[in-house]
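Quick heads-up: it's one chain on its own, the form predicted on its own, in structure tokens.
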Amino acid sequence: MSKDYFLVIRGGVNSTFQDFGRENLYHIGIPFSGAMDKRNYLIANKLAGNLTTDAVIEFAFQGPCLKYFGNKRNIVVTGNVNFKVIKEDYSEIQVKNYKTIEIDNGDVIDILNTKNSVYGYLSSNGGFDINEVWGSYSTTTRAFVGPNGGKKLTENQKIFLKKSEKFSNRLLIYSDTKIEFIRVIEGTNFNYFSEESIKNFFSKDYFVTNLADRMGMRLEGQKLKNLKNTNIRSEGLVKGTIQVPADGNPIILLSDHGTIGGYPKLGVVISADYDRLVQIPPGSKIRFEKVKLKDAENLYKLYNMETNNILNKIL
């Protein structure tokens, strides 16, 4: 059993433990949760030499500041992240995203901010010594479910680490590909909306507001007119659902979404575009394109193939 640990000097804006997410708990109101950006989560663990199912620390905007106590080990940060490692003599070592970095007793990892994005990931070889809750390391803070009491990282807490094995340094040359549109399939209430509103949704610019977190992303733009009913009987929801409340401004449900809801559902963001969607920061422009279900299925297969190809480059 390792006694190595991180001391949290600053918790950051929204730093939590995450993994793939939990399964089969919708019936008691608990969402899947899990890492917002699945690909960057997988890369972090693969570079660190961990299992792809191991926990990582996910952070948004400003990440945690951690002081390390223990034997030498490697860490990895993925995403478009500005961070530094400060030695005990206050010197700084050169750091890069998608590269293993050796840390030693007394080093401080200061994750300053994400750049033109939202989420980043920190993994340590050996992994974090935390307990699964309902078969997952994912944290759902609104329900206080998950490791760390279902809460965000807080100042002065200790994060213990498992024993690490030595391995060669790893580097991945990687950057997210850009897409012009976020692709969407029709929702169950697609025909509730006027032809003009549907045309506007798929041709006009929308903007991500500051009301965006792990639960959902509220948009502003051309208001969508509902011809039938602005409220419906509550139904089950899935990640990526686009709900439209009475004010006509769409809300995209994200990983910590409620499991049922009563707003009409215009569409659902396809799974292949979800990683890119969640990385769009507030104030940014977003545009949508309608695709058929069969196309969405093929695009998801392509997304998985691309992800596996990236992971296979890491030796």
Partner chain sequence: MIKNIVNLGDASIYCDFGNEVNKKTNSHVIKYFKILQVKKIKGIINITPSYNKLIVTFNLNQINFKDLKKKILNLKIDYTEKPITKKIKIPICCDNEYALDIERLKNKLNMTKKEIITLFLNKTYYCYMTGFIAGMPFLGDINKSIRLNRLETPRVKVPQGSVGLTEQFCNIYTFESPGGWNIVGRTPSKIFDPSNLNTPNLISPGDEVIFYEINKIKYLKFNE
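Residue numbers count along the first chain shown, from 1. Predicted, not measured: the structure shown is a model, and the values here were computed from it.
Although it is not shown, the form predicted in complex with its partner chain is what the next lines describe.
Only one of 90 to 98, 103 to 111, 180 to 188, 73 to 81 places residue heavy atoms within 4.5 angstroms of its partner chain in the model of the complex, namely 180 to 188. Listed residues 234, 209, 200, 230 were compared with its partner chain in the model of the complex; 234 is the one with a heavy atom within 4.5 Å. 271 is the sole member of 284, 52, 271, 249 with a non-hydrogen atom within 4.5 Å of its partner chain in the model of the complex. Contact check for 144, 258 and 293: all three have a heavy atom within 4.5 Å of its partner chain in the model of the complex. When its partner chain is considered in the model of the complex, residue 86 lies well away from it, no heavy atom lying within 4.5 Å. The closest non-hydrogen atom of residue 265 lies within 4.5 Å of its partner chain in the model of the complex.
Using a 4.5 Å cutoff between non-hydrogen atoms, residue 68 does not count as a contact of its partner chain in the model of the complex. Residue contact with its partner chain in the model of the complex: residue 297 places a heavy atom within 4.5 Å of it.
Applying a 4.5 Å heavy atom cutoff to its partner chain in the model of the complex picks out no residue from 96 to 123.
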